[in-house]
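Presented as structure tokens, the chain that follows is alone, the form predicted alone.
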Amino acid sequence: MNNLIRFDNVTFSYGSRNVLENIDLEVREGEFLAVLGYNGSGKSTLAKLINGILVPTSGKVYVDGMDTSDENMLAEIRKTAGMVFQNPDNQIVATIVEEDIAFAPENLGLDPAEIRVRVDDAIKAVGLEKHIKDAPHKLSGGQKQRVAIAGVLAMQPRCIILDEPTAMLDPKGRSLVMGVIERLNREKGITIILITHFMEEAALADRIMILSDGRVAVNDTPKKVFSDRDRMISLGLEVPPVTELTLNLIRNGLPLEKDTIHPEELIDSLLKMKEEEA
């Protein structure tokens, strides 16, 4: 697969303080990358650099080969890599759901018939067909976030960057939004860059990158990352709840795999043990 996003020795500074320092990163087309790190580690800055909201102090960021510091390419860059923020109210601009989703493709100057197709496809992708005529402010937090995702989808991006999209949601809303994100990646092949502080969300990714003090501290698969609990704690992070439970069970003598990161894995292991005992 081709690299869709590339950071070449990127540093970004606010004044004399380096928020990100010497970042090298490649994200393949169709990959699901989760970005973790304690507050202030540089996660949101990384996201804004991809979308061209910020420009590196030194180094280069490329989106499908386009240099984000080239102002002439910003419109094309943002069509290729769409951004979803933590608070959906900051992205919702219209008084009707379908009008909000149509806003971005209208600004692209598309034919009305094409806009209609894109809006219908986007609303179906996020599962909000019943709410297409509703006022966004009447929706739940999770529904609003799905409207924000649909608005980005209507631009038909190849990559979506999501900056803690579930941070303001309840567990049900989080689950629904993550279900949409997974489907967009697995079924439509959209590259996903998810910034999150929920470890169980990061466990769904193909790869995890952890930022610490503005540098890449860890860059590996979820199983390898979360199997090293001590390393996670040293970085100010936790492991997924199911991994923590598994490690406690191992300490109590159960022969389980310490790289268990999904509830289904733990359930299957426990059922297998019960069958073997019978």
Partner chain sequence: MSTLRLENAGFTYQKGMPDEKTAVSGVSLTFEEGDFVGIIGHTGSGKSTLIQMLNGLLRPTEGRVFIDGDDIWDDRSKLREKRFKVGLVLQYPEYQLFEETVRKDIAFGPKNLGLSEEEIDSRVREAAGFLRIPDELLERSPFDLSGGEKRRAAIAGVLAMRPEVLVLDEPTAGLDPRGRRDILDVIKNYHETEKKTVILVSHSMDDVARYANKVLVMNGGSVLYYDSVAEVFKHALELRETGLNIPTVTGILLTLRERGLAVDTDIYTPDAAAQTITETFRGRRSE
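Remember, predicted model here, so these are calculated numbers, not experimental data. So that the term is clear: the rigid core is the largest set of C-alpha atoms that superpose within 1.5 Å between two forms. Positions refer to the first chain, counted from 1.
We do not show the form predicted in complex with the partner chain, though everything after this point is about it.
The stretch that touches the partner chain in the predicted complex, counting heavy atoms within 4.5 Å, is 35-43, out of 58-66, 35-43, 22-30, 213-221. Using a 4.5 angstroms heavy atom cutoff to the partner chain in the predicted complex, none of L176, G179 and D206 count as contacting.
Within 4.5 Å of some heavy atom of the partner chain in the predicted complex lies at least one heavy atom of D170. None of the heavy atoms of E257 is located within 4.5 Å of the partner chain in the predicted complex.
Taking the partner from the other structure, the partner chain in the predicted complex has no heavy atom within 4.5 Å of any heavy atom of A202.
Proximity of H131 to the partner chain in the predicted complex: non-hydrogen atoms within 4.5 Å are absent; the residue sits far from the partner. With contact defined as any non-hydrogen atom lying within 4.5 angstroms of the partner chain in the predicted complex, the contacting residues in 191-210 are H197, F198, M199, given in sequence order. Core-superposed comparison between this form and the one not shown: the CA of N252 exceeds or equals a 2 Å shift.
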